[in-house]
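Okay, here we've got a single chain as structure tokens, the form predicted alone, with questions on binding and movement later.
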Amino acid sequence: MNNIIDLYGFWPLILKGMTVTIAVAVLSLFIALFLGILTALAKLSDNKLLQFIAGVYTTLIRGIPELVMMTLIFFGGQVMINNIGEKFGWEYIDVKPFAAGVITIGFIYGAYMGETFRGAIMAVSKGEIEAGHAYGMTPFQVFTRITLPAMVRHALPGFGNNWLVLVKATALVSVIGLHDMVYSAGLAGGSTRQPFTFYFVVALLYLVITAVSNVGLKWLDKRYSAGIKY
């Protein structure tokens, strides 16, 4: 019983893996938010080229499985970078699993965030935007002072769903050798021949992360819905 409680001495390894999982999720989120805003603005712009690029981006992400995208960027990206580096005389560049995982997940969920933000921007009252232009604001000022604050409320439900799915998707980084919770559970389970115990604990830890996230999301929703009657 004591062995199960202290996870056969593997608690430190699992908790260290949890910190890696959280770091990957948070950094990936920043990339996804940045790409999501750019994608949404590109799709809503009058520039046909930007619309085409954004459309291809979201179509590719929806059509390629996340695991395949992860391995393509980790292995294919490493080959491409070093092929380019040879032409410039660079030394061999080793793409780290952490960087590959963060970039891949951020790149994938940037497309989903883009669709969320596009819908949220379209839900903003056109009258408010027109009033900003009439007041003499530049397009950038209109976006940062009117559109962006107003769209947050509309984007929160979709953003919350994307974040929770992104957190679960971090489990994929284990396939490229990153020592996250899933990878650590695999090592511990193989050493003790108790894989169910460790994967069950990892499942509970993911539930803890999502539960804390839900509390934060509800707080944000309450804050940005203040004064709004449904």
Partner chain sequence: MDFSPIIENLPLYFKGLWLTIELLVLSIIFGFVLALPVALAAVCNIGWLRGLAKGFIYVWRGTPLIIQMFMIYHGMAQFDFVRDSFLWAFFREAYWCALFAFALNTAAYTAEMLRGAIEQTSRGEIEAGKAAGMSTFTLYSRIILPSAFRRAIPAYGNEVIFMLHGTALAGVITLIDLFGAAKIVNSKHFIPFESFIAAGMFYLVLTFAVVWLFKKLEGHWLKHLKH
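Keep in mind that what you see is a predicted model, and the values were worked out from it rather than measured. Numbering follows the first chain given and starts at 1.
Note that the form predicted in complex with the partner chain isn't included here; everything after this is about it.
With the partner left out here, the partner chain still marks one of 119 to 127, 149 to 157, 73 to 81, 134 to 142 in the predicted complex; by a 4.5 Å heavy atom cut-off that stretch is 73 to 81.
Of the listed positions (Leu187, Ala203, Leu44, Val26), a single one reaches within 4.5 angstroms of the partner chain by any non-hydrogen atom in the predicted complex, namely Ala203. Proximity of Val215 to the partner chain in the predicted complex: non-hydrogen atoms within 4.5 Å are absent; the residue sits far from the partner.
In the predicted complex, the partner chain sits within 4.5 Å of a heavy atom of Arg193. Contact check for Leu220: no non-hydrogen atom falls within 4.5 Å of the partner chain in the predicted complex. Although the partner is absent here, Val68 is a contact residue: one of its heavy atoms lies within 4.5 angstroms of the partner chain in the predicted complex. Along 41 to 60, these residues reach a heavy atom to within 4.5 Å of the partner chain in the predicted complex: Thr59, Leu60.
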